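Below sits a lone chain in structure tokens, taken as the form predicted on its own.
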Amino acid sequence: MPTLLDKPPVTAAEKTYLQLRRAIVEGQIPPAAKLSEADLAETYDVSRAVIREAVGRLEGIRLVERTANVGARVVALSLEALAELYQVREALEGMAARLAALTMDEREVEDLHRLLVHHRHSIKDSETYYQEDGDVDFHYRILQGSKNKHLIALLMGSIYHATRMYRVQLGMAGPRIARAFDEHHHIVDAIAHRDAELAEMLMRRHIQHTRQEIESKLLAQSTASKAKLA
């Protein structure tokens, strides 16, 4: 099934955009960092015009914001932004899980089971539960399984990449790893049994739990920063 995630880059501008987006999502360029066209052009060995285009596209998906007298900055990770993002995500991904239970065929459901087996092996000796984007991302697979083009377009825009920014930089660790994996497993079971109502409820609950985990880490970071300044 064709996806809305990026095709292989065919131009320098597209390649630079994808590299910058990944660097921001994974924290190589940290939240709230100021973006210098000159520095980025040197780092990525492209013209400032290419950087300007890439930054404009990143602003369009809300990973970058532009303010007067400051210029372009990476968005900050905050409790307020997290709350707004996850309110929308809970509603839309809950709907995606409901639709997936009604529309995914047997092969797609079996592929979901195999994906979880892959995840179980990858996190067995890990301290985090990190998922690459695209087909190896559980949530991406559920979204594609909804087969609702409007819903896919909504979630694959700024919501998907902003969500990944929080998940990658403040994602699951410790006891939450096992709980999150179990939650994924229960969602797939509900989809396999064509229980749309249960699939939606479980997905909403899973996203609520993830939000609580990220909130606690943001609060801990804020407390630590204030202690250093005291």
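These figures come from a predicted structure and were not determined experimentally. Quick note: we count residues from 1 along the sequence shown, nothing fancier. Rigid core: the largest C-alpha set superposing within 1.5 Å between the two forms.
There is also a form predicted in complex with another copy of the chain; it is not shown, and the following applies to it.
In the predicted bound form, at least one heavy atom of residue 200 sits within 4.5 Å of a heavy atom of another copy of the chain.
Residue 73 falls outside the set of residues with a heavy atom inside 4.5 Å of another copy of the chain in the predicted bound form. Within 4.5 Å of any heavy atom of another copy of the chain in the predicted bound form lies no heavy atom of residue 195. Taking the partner from the other structure, another copy of the chain in the predicted bound form has a heavy atom within 4.5 Å of a heavy atom of residue 91.
Checked against another copy of the chain in the predicted bound form, the candidates 142, 99, 109, 77 yield a single residue with a heavy atom inside 4.5 Å, and that residue is 99.
Shown without its partner, the chain has 52, 53, 62, 66, 68, 69, 80 in segment 45 to 81 as residues with a non-hydrogen atom within 4.5 angstroms of another copy of the chain in the predicted bound form. Comparing the forms between the shown form and the other one, the C-alpha position of residue 92 differs by less than 2 angstroms, with the core used for superposition. Core-superposed comparison between the shown form and the other one: the CA of residue 75 exceeds or equals a 2 Å shift.
With the core superposed, residue 217 shows a C-alpha displacement below 2 Å between the shown form and the other one.
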